[in-house]
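What follows is one chain in structure tokens, specifically the form predicted alone.
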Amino acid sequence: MSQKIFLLILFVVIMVFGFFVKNPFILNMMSLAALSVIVVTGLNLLLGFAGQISLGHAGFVAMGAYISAVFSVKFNINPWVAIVLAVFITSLFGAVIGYPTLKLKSHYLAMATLAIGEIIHSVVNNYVDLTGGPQGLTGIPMLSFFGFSFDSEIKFYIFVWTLTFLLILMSINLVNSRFGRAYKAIKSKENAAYAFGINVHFYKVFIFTVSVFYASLAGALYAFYLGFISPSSFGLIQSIDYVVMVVIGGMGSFFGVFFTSVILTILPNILTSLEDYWPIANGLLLILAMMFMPNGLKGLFKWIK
């Protein structure tokens, strides 16, 4: 079965599930899971296909959320326009910051991206006049489109999951293009990619920008969905959670990453009594996955088959 056919079947299942489930809490958890899938799909392009690590992706989610929210709340800009501006600014920032950063490799790159994420987190946490600081930013309006308001869980659920599957389809098309073949070459043997005339640095910056685009879009939608954002949602732990989702799902596997994103987003929200221990659990999952399932769910599925 091709990836696109399986994606279509999965989309139908998700839509049917949304129409039959009436519980607002479940729909809320699934909508938040969709936003995680968007972020992690972008990170999977960077980590799973280009072989470049990022430990600061929560920072780019924060940029998308805060820039769009500030434009809307402080400057009274239309929410959709605010989202477009936020995604454009964050993606441009990703391209600019990625140009020097992606000349680094391995743990040096990991530390650089971690620092970028922490700087962004520090800015939104301390720029109280604009972002609300640790208390967060409130009064973010609800999304509406020509009089149609996303004022119920099921409406936003249908919208966000439709967008999520379109973005996954876009990623699949990208990977199956000549760009995708270039990234496979870069991940496999960077020096060989150079020898074949591939502009390695350009491709790295491009995929990093695409990954930041996904993260910032998810962040902007998150802000307008909840109507409130605070720096605590975009810290280092969240960045590591995204990496864990990619690794356990299987780097380079769209559907393995899809399922782990949904599961690892919903579980912490259900098991609230274990919230303080969740970072430990994520760490253990990552260690066990690297030891016994280095290819994640993708490798497990292949072994079973």
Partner chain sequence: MDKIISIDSITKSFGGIKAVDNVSFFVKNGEIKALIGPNGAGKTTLFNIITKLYTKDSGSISFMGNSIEKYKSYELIKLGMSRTFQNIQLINDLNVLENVMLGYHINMKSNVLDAFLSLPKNKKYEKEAEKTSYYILRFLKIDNIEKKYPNEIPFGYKRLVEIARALVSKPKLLLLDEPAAGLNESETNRLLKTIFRIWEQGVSILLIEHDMNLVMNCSHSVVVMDEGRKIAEGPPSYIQNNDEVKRAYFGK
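As the structure is a prediction and not an experimental result, all values here were calculated from the model. Positions refer to the first chain, counted from 1.
Same protein, other form: the form predicted together with the partner chain, not shown, and the subject of what follows.
A residue is said to contact a partner when one of its heavy atoms sits within 4.5 Å of a partner heavy atom; A182 meets this definition for the partner chain in the predicted complex. The closest heavy atom approach of K189 to the partner chain in the predicted complex falls within 4.5 Å.
The partner chain in the predicted complex is approached by I198, whose closest heavy atom lies within 4.5 angstroms of it. Taking the partner from the other structure, the partner chain in the predicted complex has a heavy atom within 4.5 Å of a heavy atom of L174. With the partner omitted here, the stretch from 174-182, 83-91, 227-235, 133-141 that lies within 4.5 Å of the partner chain by heavy atoms in the predicted complex is 174-182. Screening Y99, Y203, F150, F165 for any heavy atom within 4.5 Å of the partner chain in the predicted complex leaves a single hit, Y203. Site annotation in the predicted complex: the residue of Y108, Y127, Y194, F145 reaching within 4.5 Å of the partner chain with a heavy atom is Y194.
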